[in-house]
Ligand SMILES: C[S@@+](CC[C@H](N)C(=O)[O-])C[C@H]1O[C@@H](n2cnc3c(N)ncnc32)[C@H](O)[C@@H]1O
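There is one chain below, alone, in structure tokens, taken in the form predicted on its own.
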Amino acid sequence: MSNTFLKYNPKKNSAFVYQMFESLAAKYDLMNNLITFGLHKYIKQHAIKKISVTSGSKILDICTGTGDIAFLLAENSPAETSITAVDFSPKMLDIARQKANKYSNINFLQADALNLPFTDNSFDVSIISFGLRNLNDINQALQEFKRITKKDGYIVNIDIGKPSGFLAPFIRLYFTYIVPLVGKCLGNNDFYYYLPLSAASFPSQEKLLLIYKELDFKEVKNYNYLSGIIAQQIIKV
């Protein structure tokens, strides 16, 4: 474990998270494919199909990373849909832009998820995928997403969940011991020691539902994938 990682505060350290994503950008897609055996693509495809997008909708993809969700949105939405994809890591955005040649309706922008550069009620759908647990303050983030999302629009969160059933202890062992080994083999230890810590400290699906209720969202639907290893919430504003 590197000295940089030892400085990581489990309550979140923005500088550490920024440096981590900047350093792993070139290998991010490869690492995701390896540690999920490619299943992350399957889950994202199913998650996107649960989102209702009408012609002319404006969508914001927050913490877009290398653009997977933005591309799926472009492929599964009417041609008139406008997609803005934001991330705080320039290197991740560079890779996303390189992959985006065939998508004319996606605009990439560097931005802070906790202080988005958009006016109130700008988007019909705001989506964050595997990013909420990396932010300093979940409540502040959700309030910011609510601010820029239109009334009766939707916020969508996709992230690591708390698995249930007999698979749960095996999943914890996998993330705690096997995943860091994969990171080590690919030359980036920090992220894959960080991953189990961030997953462990992230609220369960049940606790997230309580947070949404406390923030006065109108309606929330939760979908579990792979026995809850991944969870998706669709939240009506």
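On a predicted model such as this, the values are computed, not experimentally measured, just so you know. Note that residue numbering follows the sequence shown and begins at 1.
Missing here is the form predicted together with the named molecule; even so, the following discussion is about that form.
Taking the partner as it appears in the model of the complex, which of 146 to 154, 162 to 170, 73 to 81, 86 to 94 has residues with heavy atoms within 4.5 Å of the named molecule?
Result for this chain: 86 to 94.
Quick one: from Leu208, Cys63, Ile43, Ile35, grab the residue that has a heavy atom within 4.5 Å of the named molecule in the model of the complex.
None of the others qualify; the residue that does is Cys63.
Within 4.5 Å, heavy atoms only: does Tyr225 come near the named molecule in the model of the complex?
No, Tyr225 is distant from the partner.
Touches the named molecule in the model of the complex: Ile69 (any heavy atom, 4.5 Å):
Yes, contact at 4.5 Å.
Is there any non-hydrogen atom of Ile229 lying within 4.5 Å of the named molecule in the model of the complex?
Looking in the model of the complex, residue contacts with the named molecule do not include Ile229, since no heavy atom lies within 4.5 Å.
The named molecule contact at Phe130 in the model of the complex, heavy atom, 4.5 Å:
Yes.
So, Val17, Ala113 and Asn134: all three within 4.5 Å of the named molecule in the model of the complex by heavy atoms, or not?
Heavy-atom distance to the named molecule in the model of the complex: all three under 4.5 Å.
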